[in-house]
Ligand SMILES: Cc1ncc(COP(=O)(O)O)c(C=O)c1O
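Presented below, as structure tokens, is a lone chain in the form predicted on its own.
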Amino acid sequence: MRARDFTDLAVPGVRGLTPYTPGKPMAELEREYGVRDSIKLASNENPLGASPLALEAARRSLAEVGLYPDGNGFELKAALAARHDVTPDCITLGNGSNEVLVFLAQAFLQPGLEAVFSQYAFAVYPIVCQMVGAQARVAPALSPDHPMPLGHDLRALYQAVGPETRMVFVANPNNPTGTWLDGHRLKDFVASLPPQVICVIDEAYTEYADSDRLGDASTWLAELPNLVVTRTFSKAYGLAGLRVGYALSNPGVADLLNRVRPPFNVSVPALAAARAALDDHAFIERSRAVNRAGLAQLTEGCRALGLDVVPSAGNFVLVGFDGASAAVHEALLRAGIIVRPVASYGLERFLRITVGTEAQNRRLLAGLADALGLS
């Protein structure tokens, strides 16, 4: 069918929108490059896969897929409420935490209003702002020679807040940099914001963060009514393919988010798997241990190759090269190794590399050495 241009019919926020670009699938790489046995270290997935308890729960739930899911997600919300010591009316379920970010924009942003986020923050923040026609105010990140290079600068974020600001997005740890904020400082920052400004703390990678210094923003909800905390089951819990995330907030905020939430937005298998994954503490501890060792392996290995590595509290590292990283990225693809270019963030000389298994990390480091002519 011949494509026709309907741009003029689209709402203004959509006309110039550039969609989020996901990591390249392994099957696509193997088709395009004729390689086999590829590995994907691009999308910050858990290299161990999913929790065994979650997989079994998902399998059992398949007998019910002829029925609509529980639109309220009663069992999952009850478990999350107990985990975070909140009431179920504080919870909004999403088809991944990405969808919850969309709900927040739909509920609280519009043309004439503003949202604030850091220079190298998650790519979805500007997308949801543009989608609803809100203005994005981007705060400069910390300098490359700062102890937390390219990370969030809370002073700059605060200074970017103006009379039309209705939302501030803060990722802790941040994607794609891996940088993080001290929990005490972050809590003080949220408390300092005007009451009409909602602060969204995105904790997608918090299960991987070894340092207690980051804190748990969900414990601040009773004190900070303008705080929203988002979490996901896509990372440490290994359920990226099932798409389930959630927001924790004041019940008044959650009520508005649930008004724009589509009915049945989380599937039967996703609800079952997420509920079971919450109880698989052994899997999370194993995932954390593998990640801890892998972060050290990649950090030390990349630095031994003369590369810059940004400190990370996530399950990935941001690696800097002397010049643009495009040639290295292409060489890795030809070697059957998928990593993530981040030029779209303005980080042309960097690649983001997900922590894999010990063997995958070793293969990645060997591929980097080959690409740099150091092998």
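Heads up: residue numbers just count along the shown sequence, starting at 1. Computed from a predicted model, the values in this text were never measured in an experiment.
Just so it is clear, the following notes concern the form predicted in complex with the ligand, a form of the same protein that is not shown.
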Only one of 189-197, 144-152, 93-101, 208-216 has residues with a heavy atom within 4.5 Å of the ligand in the model of the complex, and that stretch is 93-101
Checking 180, 283, 122, 108 against the ligand in the model of the complex, the residue with a non-hydrogen atom inside 4.5 angstroms turns out to be 122
With the partner omitted here, the residue among 175, 291, 249, 118 that in the model of the complex has a heavy atom within 4.5 Å of the ligand is 175
Non-hydrogen atom contact residue 204 with the ligand in the model of the complex at 4.5 angstroms: yes
### Query
Would residue 234 count as touching the ligand in the model of the complex under a 4.5 Å heavy atom rule?
yes
Since only the chain is shown here, I'm wondering whether residue 243 would be in contact with the ligand in the model of the complex (any heavy atom pair within 4.5 Å). yes
